[in-house]
Every structure is written in C-alpha cells, then in structure tokens.
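Form predicted on its own, single chain, as structure tokens, below.
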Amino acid sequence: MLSPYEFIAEKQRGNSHKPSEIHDFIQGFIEGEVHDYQMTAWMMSVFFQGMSYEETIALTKAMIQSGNRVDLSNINDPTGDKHSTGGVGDKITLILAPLLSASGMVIPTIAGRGLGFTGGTLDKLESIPGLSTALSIDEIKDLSFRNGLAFGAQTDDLVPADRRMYALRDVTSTVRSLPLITASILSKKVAEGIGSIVFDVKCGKGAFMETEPEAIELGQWLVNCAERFELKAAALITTMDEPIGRTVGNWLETEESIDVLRRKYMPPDIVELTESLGGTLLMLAGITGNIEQGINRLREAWNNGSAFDKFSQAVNAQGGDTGVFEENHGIYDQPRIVIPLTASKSGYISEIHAREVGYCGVLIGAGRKKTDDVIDPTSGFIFKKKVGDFVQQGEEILLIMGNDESQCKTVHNRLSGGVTIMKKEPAKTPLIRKVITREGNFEWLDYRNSK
C-alpha cells in the first residue's frame, strides 16, 4: 500500500495508478488518514497530468463506495435521469423530470445548488415555500416508488467523498479537469440506482466548456465511462450563449417552469431542449423505439396535464405549498425594485451575454458568491426580448428585479455592456449541435432523423 506521499508523487510524475491504490487513497480520505491538503495536492496533479479512462472508472467506483446507494431494484418501470453541466436560466429539470415521470419513467433526481454564475435546481425548487429537498436515501427510494419522481440533494451518506472533494476543487481552481468532472458527475448518478441517463453538455459564453471541441470531449468522457457502469447514456451538445427561456432567478424560473408545464406559454428554446433531451432518454430507456416517438410521448403528457399533476404531487409530497402555483397567491408580492434596461438604438439583438447575466444575478442576490450565502428567491431578470428580436430605441429589453437599489443600478450599468444591438439580423446558432453516443459523434439532426 502506497503512502499518501508516494501516491501523490506517482501522479506528479505522470504515472498511472492501480485501481486498488485509488480505492485506498479515497478510503483514507474518508477515514481521515488522508488530509485535505494531500487530497488537494493529488487533484492538482491530476489537473495537470490527467488520468486514463481506466483510472477514472476506478476513481468513480471508489467514490461510490465511500457511501451508500439508492436501491431501486423493487421498481419495475425504467429508471433514469438527466444531468446538465450548468447554464444561466437553465430550469429544464423542473419541466423535464415530471414529463418523463408522466411518460412512464421513474426519476430519482439528485440535484445541485448554484455556485458561481450558474443557477442550481435545488435553489429554484426551494423557492416554493415549505418544500424540502433534504431527503434521506430511504425517502428518495420511497418517493420514487410511490410517485415516480423525487427531488433530492446529495445526502451525507451518498457519495460523501465527492462532496468533500468538490469543495476543495472549487476553492483551488481544479474544477476544469475532465477525469475529476466525470467521476464527480457519474458517482452521484450511479449511486442514484438509475439505468439510463442523458447529459446536457453546454458550450458557449455562459458555459464552463466555452468551445464545442471542449464540450464534445467532456461528452465523450461521460458517455464512455457511463457505459462501464451499465448506464445507457448519450450526451447532447447544446448552445449556452444567452439565458434559456424568459427568466433568470430562483422563483422567477420556478414560476416560468410551472407556466410551461401548464402550457400557458411555450418558449421555443425551452421546448426544443426539453423535447430533445426527453425524447433521447425515453429511447435509451427502451420506452420508445426512437426519438420522435419519445417526443410524441412527452407531448401527450404535456397536453393532457399529467406532467403538471406529477410536479404538483412531487412538490406536495416534499412539503411544498402548491397554493403558490395559483395566481394572486400573495407569497412573493412584497415591494421590490424594478429597473428596465432599454435599447440604446434600434436594431436586432445579436447578443445577450449569458455569463454576464449570471454574474449580475449573483450581485442582486439570485446566486451565491460563497456556499453559505443566503439567496433572495425573488430577485432576477425577466427578458422581454431575446437574441434575434428587433427592438426600437427606448424599448424594454429586460427587467432587473431586486431589493437593493444600489445593486440594481450597478447591474443595470453592467448589463448595458452585455447586450449588443446590430443593424443586421444575426445568424442563428443551432441550439442542439451534436449528440455523443458509444457509437460515436453525430450531427444532432442527422442522428434524430435516423432513429
């Protein structure tokens, strides 16, 4: 057995680890024999030297074995989940999970919180008064069995190694490592006990992976390693240059999701992402024979109201007040500051910089600068216009909503530089670019039409 010093030195020299060595190191970390500074030194070595697929598989296994797993073996229906690598205004899980559940899948979602410029699914859900995502493994299993849907946070005994390792990665700038990203994501998803997964790997100005080649490489890592855990998997490479939908902010996005589930309005980007991800997952799970059949099944659950019923059932089961789904509920009607951002000239909107919007959301309380920051669920942005829309000079592009006038004015000044207006209509970038499967990489439209 290698000492922590020897183990770290091996990777610093660029050597490969044996699976047993990785297991012993992770177990030593959980038991306190490997200290935080030693784990940080090793992850920094991985950041620079990399790891093979085999090492990454071994790391994922060791992380899973650091805690318990959700046992869904008594559930007969296909199980699955969706994972996004993070974006601005990304509320797709709130819409897709109940749609999938209403379409015959069991979705035991283990979601995350926002940190940095991207939002978190748990923060959005917890803007519903009373809703708790602090579920035990047994509660996740029970809700999945009874309702076909659960929204939980990572528990103390579900992949605890990942929780501690990620906290260290976040403060030591070692997040952007393909093996560490892959092991972190997959360890939680495998521990969920699911049988299939679709990854939404985002690229662009509002994504961690800014270029398409970077996103494709991450998609390949995720899919190839997922297959080794008998997870049927595919990764969709999607564009994240402007915020998704018409809102950014925790309650604003939750409210928008409820309206979309009710079909009160259907933003094209939300619909396209939801249907493409969901249709792919239903095909992977064997519920439908191809993606188009999967999309049609989702539309049926959307149209007949069963997806909204699933969401309401899940919220109620987790203590949430579904009364806020109704108009004039009065919960979030307290006074707030609303400042419009208007067009400086007439023309076409060619850019709404998603990353800048994300950082500005943090400034007005919609996100966190550090993990213990308290989020204001009511702050955020409502977009009146999107990229490609024509605006007249002085017309409202977005509304800034917060509870601190000074912060809102600062954000107004910053966002003025994050919106670009041009004379010519901008060329459209495909929302969904490619799909990564174990068979290879494909153009999305070609793959969708071939299935």
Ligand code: URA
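In this text, the rigid core denotes the largest set of C-alpha atoms whose superposition between the two forms falls within 1.5 Å. We number the residues from 1 along the sequence you see. This structure is a prediction, so every number in the text was calculated from the model and none was measured.
The form predicted together with this ligand is left out here; the points below concern that form.
- In the predicted bound form, at least one heavy atom of Ser184 sits within 4.5 Å of a heavy atom of this ligand.
- Proximity of Arg246 to this ligand in the predicted bound form: non-hydrogen atoms within 4.5 Å are absent; the residue sits far from the partner.
- In the predicted bound form, no heavy atom of Lys310 sits within 4.5 Å of this ligand.
- Looking at Thr85, you'd find a heavy atom of it within 4.5 angstroms of this ligand in the predicted bound form.
- The contact residue chosen from Phe325, Phe229, Tyr166, Tyr359 relative to this ligand in the predicted bound form is Tyr166, the criterion being a non-hydrogen atom within 4.5 angstroms.
- Here is the short version: of Ala153, Leu180, Val271, Ile258, the single residue with a heavy atom within 4.5 Å of this ligand in the predicted bound form is Leu180.
- Heavy atoms within 4.5 Å of this ligand in the predicted bound form map, among the stretches 77 to 85, 361 to 369, 297 to 305, 93 to 101, onto 77 to 85 alone.
- Arg176: CA moves 2 Å or more between the shown form and the other one after rigid-core fitting.
- Relative to the superposed core, Met43 shifts its CA atom by 2 Å or more between the shown form and the other one.
- Annotation for Leu236: C-alpha shift under 2 angstroms between the shown form and the other one, rigid core superposed.
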